[in-house]
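Take a look at this single chain, the form predicted alone, given in structure tokens.
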Amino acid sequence: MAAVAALYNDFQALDVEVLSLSTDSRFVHKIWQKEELSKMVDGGVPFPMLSDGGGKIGTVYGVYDEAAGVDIRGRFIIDPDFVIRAMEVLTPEVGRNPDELLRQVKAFQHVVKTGEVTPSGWQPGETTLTPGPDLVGKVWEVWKP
């Protein structure tokens, strides 16, 4: 969360709403913000920290571990029509990559705007692909990893 908070201005510039969610109560979130997150990121996490007591939201998204009573760490890119465009779920031992999250948001915004598709690792300004019958069997002519 602190790493996403450090890039929060970049997400806001893309008109992205960032929310965090855990099974912890709002009181735990408040203490965590004060005692830890505010020391990692100046001013703490600037986006809402939502409480999912009982794991109802986590269950809908497939990340609630009922036996442990916690939501497993994950992230979701949800478009303005509330369609999940991407999700990543990792166990706590491996941190997520907020730069990759930012790259994926830019890629999804690009494809929605242009109808093009972005190849693996695409960055803004790099080659994109126009889907269609003319591309079949010829991707290698346009893009090389």
Partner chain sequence: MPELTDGCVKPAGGPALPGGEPAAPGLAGSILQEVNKVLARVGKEAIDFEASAFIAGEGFKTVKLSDYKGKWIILCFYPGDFTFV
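Numbering follows the first chain given and starts at 1. This is a predicted model, so every value here is computed, not measured.
Keep in mind the form predicted together with the partner chain is missing from the figure; the text below concerns it.
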Are any of the heavy atoms in I77 no more than 4.5 Å from a heavy atom of the partner chain in the predicted bound form?
yes
Quick check on V136: any heavy atom within 4.5 Å of the partner chain in the predicted bound form?
no
Please check if E66 has a heavy atom lying within 4.5 Å of any heavy atom of the partner chain in the predicted bound form.
yes
Would you check, heavy atoms only and a 4.5 Å threshold, whether E116 touches the partner chain in the predicted bound form?
no
Even though the partner chain is not shown here, does it sit in the predicted bound form so that R26, V45 and Q109 each have a heavy atom within 4.5 Å?
yes
Stretch 86-121: residues contacting the partner chain in the predicted bound form, 4.5 Å heavy atom cut-off
A86, M87, P92, E93, V94, G95, R96, L101, V105, F108, Q109, V112
